[in-house]
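So this first bit is one chain, no partners, the form predicted on its own, shown in structure tokens.
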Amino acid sequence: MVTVRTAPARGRPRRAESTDAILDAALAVLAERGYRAMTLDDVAARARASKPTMYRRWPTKVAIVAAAILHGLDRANPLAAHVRPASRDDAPAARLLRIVENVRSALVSTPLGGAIRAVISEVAHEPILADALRVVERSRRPILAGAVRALQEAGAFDARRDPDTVVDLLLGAIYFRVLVRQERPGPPFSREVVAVLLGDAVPR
């Protein structure tokens, strides 16, 4: 079982800033050099971090790669912002579009896209890395799945549809365009992806 260590809890700002710097550096190095060429020493140098401290928290490359990708995804859609019930002004369709757009934006405008692309080709040969990425994916899935369920509860989407399958379709379209085709779609693509699901109900 792989444990993915995330950023520390609030109330420890200095360590939180250090964690952010290290994980940002890990994403950048991974995107620039690829998984095989990346080293923890590279990350420590980029972040200007103490190597002993970093190695204690993330003793392996897999550990810091998984934590960095989770960090990038959490910046796009903070989990804490989605575990609370949506406000009255936050229509389910608008919420879904915002989440999808945040993913698209992070993949094309931050090192997250390059970092994920760098590990995709490695998972078939690195079972521990594949396991770590599955842990990351499972931890993030409730955000989009919850938005789909909110649509179903509001009567805006067929309640018979499996939310997990819908999530796969929504993310699959974006990941395919960005990671496989290596294109940089703009915000209209997010709207088009959601429109395939919601039709005329997609927010303007």
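Rigid core here is just the name for the largest C-alpha set that superposes within 1.5 Å across the two forms. Numbering starts at 1 and runs along the sequence shown. Just so it is clear, the model here is predicted, and its values are computed rather than measured.
Missing here is the form predicted in complex with a further copy of the same chain; even so, the following discussion is about that form.
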ask   = Does a further copy of the same chain get within 4.5 angstroms of any non-hydrogen atom of residue 95 in the predicted bound form?
value = no
request  = Please run the contact check for residue 166 against a further copy of the same chain in the predicted bound form: heavy atoms, 4.5 angstroms, yes or no?
outcome  = yes
ask   = Applying a 4.5 Å heavy atom distance criterion, does residue 195 contact a further copy of the same chain in the predicted bound form?
value = yes
message = Using a 4.5 angstroms cut-off on non-hydrogen atoms, would residue 42 count as touching a further copy of the same chain in the predicted bound form?
response = no
remark   = Answer key, a further copy of the same chain contact in the predicted bound form at 4.5 Å (heavy atoms) among 156, 179, 63, 47: the residue is 179
request  = Heavy atom within 4.5 Å of a further copy of the same chain in the predicted bound form: which of 76, 91, 108, 130 fits that? Just give me the one.
outcome  = 130
query = So in the predicted bound form, are 32, 119 and 173 all sitting within 4.5 Å of a further copy of the same chain, heavy atoms only?
reply = yes
task = Taking only heavy atoms into account, state which residues of 121 to 150 are within 4.5 Å of a further copy of the same chain in the predicted bound form, ordered by sequence.
result = 121, 122, 123, 125, 126, 130, 133, 134, 137, 141
task = Classify residue 133 as shifted (yes) or not shifted (no) between this form and the one not shown, where shifted means its C-alpha moves by 2 Å or more with the rigid core superposed.
result = yes
message = Would residue 36 count as moving between this form and the one not shown, using a Cα shift of 2 angstroms or more after superposing the core as the test?
response = yes
task = Would you mind telling me if residue 62 and residue 144 are closer or farther apart in the predicted bound form than in the shown form, C-alpha to C-alpha, with a 3 Å or larger change?
result = farther
Pairwise C-alpha change, residue 143 versus residue 69, in the predicted bound form against this form - closer or farther, 3 angstroms or more = farther
